[in-house]
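The form predicted on its own is given below as one chain in structure tokens.
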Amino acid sequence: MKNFLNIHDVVNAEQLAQEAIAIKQQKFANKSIGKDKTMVLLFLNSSLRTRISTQKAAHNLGMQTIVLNLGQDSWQMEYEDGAVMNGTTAEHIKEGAAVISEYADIIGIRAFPTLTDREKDYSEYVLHKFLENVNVPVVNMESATVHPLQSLTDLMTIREYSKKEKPKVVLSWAPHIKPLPQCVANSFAEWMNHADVEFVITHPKGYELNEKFSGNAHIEYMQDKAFENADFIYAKNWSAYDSYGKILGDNPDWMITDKKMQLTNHANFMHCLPTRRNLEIADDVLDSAYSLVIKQAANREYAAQAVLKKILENL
């Protein structure tokens, strides 16, 4: 594996998830593979699980890590070619990224979408500006359209807790007070389409994902119907793709409750976190025995470690 930008950098998603499960049992077994190697983690946006789990994964493999909040710990970066830099940006991506790659063996990048310019966001503008100017492998720690480290974790968690070979997995939209990116939903859908599952997406009309990501998923606009016989419910809010970045209504009745979970086949509940309690997800779901959200978050370490191990093996 040269880079880890999305699922298309993965030869076999199911196999990589199994490797992450195996790493969980012996996470220090490859402690020497990253000796004398450095990973630089660049954050243009806030992070809790991704920041900590990726650092810990790198340390488990013997790597050193440097964490930088771009624009806060460093100069503001300019991304436009030919820009006259007489504003707030002090360093161009051409020099900034190139210099960082001189210090790093692997670079991790986290850069959210604007939710205002769909064409630019879906071109992965910021991520590709880095790729154009570095000479070391890049790990996508969530970009404008996808969050592959989260999605690998999700597949790993489903395989750990599934009671059947081909479970029914439902991705359900949930309400929020502000527009959120489609990244997690896109990515989860993409990975589920590469997995041996029965996959359903449920959301109010108007929240359809780009078909490039929803793929062969069955789309169901009635949430209760989608939940019937489900083995896993994965909840996430996202803003509209067609009416880009917009909230199309409050839809409070789409909050996940224990009553709705009773429609399932004793399903486990999943969410990438953070979540707003009693807006997206009711307390009685998050605090239930069937909630996997903490176990799922813990698995972020091992999913990241599986990815970094693959990259280190090819350095």
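Computed from a predicted model, the values in this text were never measured in an experiment. The first residue of the shown sequence is 1; numbering continues from there.
The form predicted in complex with a small molecule is left out here; the points below concern that form.
- Item | Proximity to the small molecule in the predicted complex (heavy atom, within 4.5 Å), stretch among 27 to 35, 47 to 55, 253 to 261, 275 to 283 | Among the candidates, contact is made by 47 to 55.
- Item | residue 190: touches the small molecule in the predicted complex, heavy atom cutoff 4.5 angstroms | It does not: once the small molecule is placed as it appears in the predicted complex, residue 190 has no heavy atom within 4.5 Å of it.
- Query: Does any heavy atom of residue 150 come within 4.5 Å of a heavy atom of the small molecule in the predicted complex?
  - Reply: Judged by the heavy-atom cut-off of 4.5 Å, residue 150 is in contact with the small molecule in the predicted complex.
- Query: Does the 4.5 Å heavy atom contact test between residue 203 and the small molecule in the predicted complex come out positive?
  - Reply: Result no; residue 203 lies far from the small molecule in the predicted complex.
- Item | 4.5 angstroms heavy atom contact with the small molecule in the predicted complex for residue 110 | Within the cut-off, so yes.
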